[in-house]
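Only one chain is given next, in structure tokens, and it is the form predicted alone.
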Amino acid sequence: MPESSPAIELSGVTASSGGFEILSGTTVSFPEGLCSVVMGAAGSGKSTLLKVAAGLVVPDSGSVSFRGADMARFGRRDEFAFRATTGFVFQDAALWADTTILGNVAMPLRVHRHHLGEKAIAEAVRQLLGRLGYDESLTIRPAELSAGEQKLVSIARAVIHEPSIIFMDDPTSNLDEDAVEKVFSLLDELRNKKRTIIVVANSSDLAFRFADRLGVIKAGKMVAFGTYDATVSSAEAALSTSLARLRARGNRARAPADDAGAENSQRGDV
């Protein structure tokens, strides 16, 4: 099967913070319409990689392209169009503290879906949060929620406007098993709709179940990126303990169908 064209492509990207180099000449192409999962140890550069790919961090050097267009050349209109077609789940949720839960999740609709009235927006927010298992009031502030509830709200905000590209930074962290399964159901739906999903994660279960492409980042460099089975076969040194968990699941192409319900292992750092 021919490779999908890149939705997001990083070429020779270097990025630093506080005088420390975080990404070092990183090159990777995330295919359109597929789910790409990037794993790596703490401090390997996963979150920075995702933020550079999403245009939230400007690299020191190299280029980032969105469907072939250099993002460094984007004007205000290009930037707005890019934001309308993408959503981002932050590792720490990054909700607006002085805004209600309704206001947080509704923001992309109010900005990018002007035709919707407030009643329709509120109903869309209520339905989506309900599917994710959130059952608290929509009028409270984020500080009144647990870390897991805040993460669910962040996920809802990222997908409420039905973007074609979704960036996710460790989307199952701080979630209990029931919440993880609801997030996995959402990921199933997004994959069935051929959305482009780019995830950095510590969850071998998420990688096993959803990665059309699996990458490994180490010390700011992509040391492997390809199909799930190819990456698991080639990245032993970089994946370390995560490789053992992934290998234990076997070759995905031959795995029994009920392996999709394998025991959740989202907590361990990789």
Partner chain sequence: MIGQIGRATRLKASALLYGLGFFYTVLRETVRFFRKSQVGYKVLIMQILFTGYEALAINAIMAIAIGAAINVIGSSLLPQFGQSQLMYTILIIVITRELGPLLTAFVITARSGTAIATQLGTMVVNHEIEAYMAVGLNPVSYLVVPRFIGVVVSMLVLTVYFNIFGLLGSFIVVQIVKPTPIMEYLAALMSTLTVSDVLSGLLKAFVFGVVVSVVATYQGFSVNRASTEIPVAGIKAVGLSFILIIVADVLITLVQYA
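Positions refer to the first chain, counted from 1. Treat the numbers as computed from the prediction; the structure is a model and nothing was measured.
Heads up, the form predicted in complex with its partner chain isn't pictured, but that's what we're talking about next.
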> Are all three of V57, M107 and H112 close to its partner chain in the model of the complex, meaning a heavy atom of each within 4.5 Å?
Replying inline: yes
>> Using a 4.5 angstroms cut-off on non-hydrogen atoms, would R83 count as touching its partner chain in the model of the complex?
In response: yes
>> Taking its partner chain as it sits in the model of the complex, is E123 near enough to touch it, meaning that at least one heavy atom pair lies within 4.5 angstroms?
In response: no
> Any of the heavy atoms of F90 lying within 4.5 Å of its partner chain in the model of the complex?
Replying inline: yes
>> Given that its partner chain is not shown alongside this chain, does R157 nevertheless sit within 4.5 Å of it in the model of the complex, heavy atom to heavy atom?
In response: yes
> Tell me, which of I140, A94, A72, L116 has a heavy atom within 4.5 angstroms of its partner chain in the model of the complex?
Replying inline: A94
> Just one of D135, D98, E177, E144 has a heavy atom within 4.5 Å of its partner chain in the model of the complex. Which one?
Replying inline: D98
> Looking at 200 to 208, 49 to 57, 214 to 222, 29 to 37, which lies within 4.5 angstroms of its partner chain in the model of the complex, counting heavy atoms?
Replying inline: 49 to 57
